[in-house]
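In the form predicted on its own, a lone chain appears below as structure tokens.
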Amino acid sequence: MTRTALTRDDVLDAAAALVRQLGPQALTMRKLAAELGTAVTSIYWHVGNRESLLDALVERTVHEMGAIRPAGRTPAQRIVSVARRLHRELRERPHLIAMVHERGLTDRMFLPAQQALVHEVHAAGLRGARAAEVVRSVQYQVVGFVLVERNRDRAPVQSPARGELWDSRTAEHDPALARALSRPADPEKLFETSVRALVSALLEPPARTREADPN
């Protein structure tokens, strides 16, 4: 059977898969050629040397992260949808995101998602510094959540275990709370709950204080 001609996208797809699975240190031209069933010289012809390949992967990641689009009927729903998609994209490609960061392109990578958030924040009636605060708060919530998840995944086995730490006493005599906290958290549900609460609070009109009338 005749093999379909290798393309630049084929090379980048295979390289991205290797980086996602094993990290950039595992990406060698020889290993990539073996994955594709081709000669190393063919890889060089399509993407140049390894550094050029890494640059291409970074540019591709930045481009893919720019494809985030909001969904929903209200500004709040659309902001949550952007946060949800951003969270998923960051979590699914940690090694590629790290490469983007190392090359000083993090701000550029986040710009399209920030612009989508700006549009929805404007639709919610917020402007200026207040709008910027909402955009940054959502972004920091997403990035912070991903970092906590990654650190949790890398953490050693805990001793004492969570179930040994939580009882009626440590939960202030709330046994239902103790049982809940002794079980592993559901990251998806926790993220959804926290980001919805954050967005709801951020989009609320600021409380208006009235100066006391001395008369």
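When you see a residue number, it is the position in the sequence shown, counting from 1. Everything numeric here is computed off the predicted structure, so don't read it as measured data.
There is another form of the same protein, the form predicted together with the DNA; it is not shown, and what comes next is about it.
Contact annotation: of the candidates Arg30, Arg69, His173, Arg152, the single residue with a non-hydrogen atom within 4.5 angstroms of the DNA in the predicted complex is Arg30.
Residue Ala39 is the only one of Leu190, Ala180, Ala39, Val148 with a heavy atom lying within 4.5 Å of the DNA in the predicted complex. Proximity of His46 to the DNA in the predicted complex falls within the 4.5 Å heavy atom cutoff. Within 4.5 Å of some heavy atom of the DNA in the predicted complex lies at least one heavy atom of Arg50.
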